[in-house]
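This document starts with one chain, in the form predicted on its own, laid out as structure tokens.
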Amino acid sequence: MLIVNSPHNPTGLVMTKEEIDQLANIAKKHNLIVLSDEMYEKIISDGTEHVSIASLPGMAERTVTVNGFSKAYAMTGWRIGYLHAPSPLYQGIFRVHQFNTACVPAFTQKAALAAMERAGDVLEYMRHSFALRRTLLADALSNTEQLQVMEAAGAFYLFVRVHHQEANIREFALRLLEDTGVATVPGTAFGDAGEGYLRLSYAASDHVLLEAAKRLVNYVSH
């Protein structure tokens, strides 16, 4: 199985059409099933295009597309999502699902339906707000050479390279929390390649983001 996540958590990367094409070719060449996590597909800025790998020729019959309402519709914690898969895979997916989750609560289903039917303008407003906050936070973090922000066009995270004196990024993140009250996620929570990076969420108010950035910049600069 090939697992694809675009827009990407934790980096905010959105894969290009060319990159998705290359992954599709690999999947077809080696007869792989693809699990495509597209949870952040509606949270993209800068006119960047989201391409679902299942939409490419020969891929719908081998792709399981996973999505949900937590991110785009601010329903985090309600745990309602959906997937689309080739018919031969449904039996196995259903067997796993029915012994983990009995059913989605009725009120959550109604909220999801309302979001799909009436949240278009709100979604656009939220997408615009996230783009502004991303720029706000990135600019605030640029006040020191100790922090290097990766470019991001999707989701609501910044992946930031940190130059620090701790043994590893997890120790730094814990010390940062203890000393400044700024909560971050160490990059190693997503794998060894995340060493040296922090994931910062900008799903917060401008005031909170600027204060957090100020504390982080001051912390790494002294």
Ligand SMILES: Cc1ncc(COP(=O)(O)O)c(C=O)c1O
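Bear in mind the structure is a predicted one, so any value in this text is a computation, not a measurement. Numbering starts at 1 and follows the sequence shown.
There is another form of this protein, the form predicted in complex with this ligand, and it is not shown here; the text below is about that form.
Contact with this ligand in the model of the complex holds for all three of 37, 70 and 79, each having a heavy atom within 4.5 Å. Of the stretches 140-148, 122-130, 71-79, 106-114, only 71-79 has residues with a heavy atom within 4.5 Å of this ligand in the model of the complex. When this ligand is considered in the model of the complex, residue 159 lies well away from it, no heavy atom lying within 4.5 Å. Remark: residue 201 does not count among the residues lining this ligand in the model of the complex, judged by a heavy atom distance of 4.5 Å or less. Among heavy atoms of residue 11, none comes within 4.5 Å of this ligand in the model of the complex.
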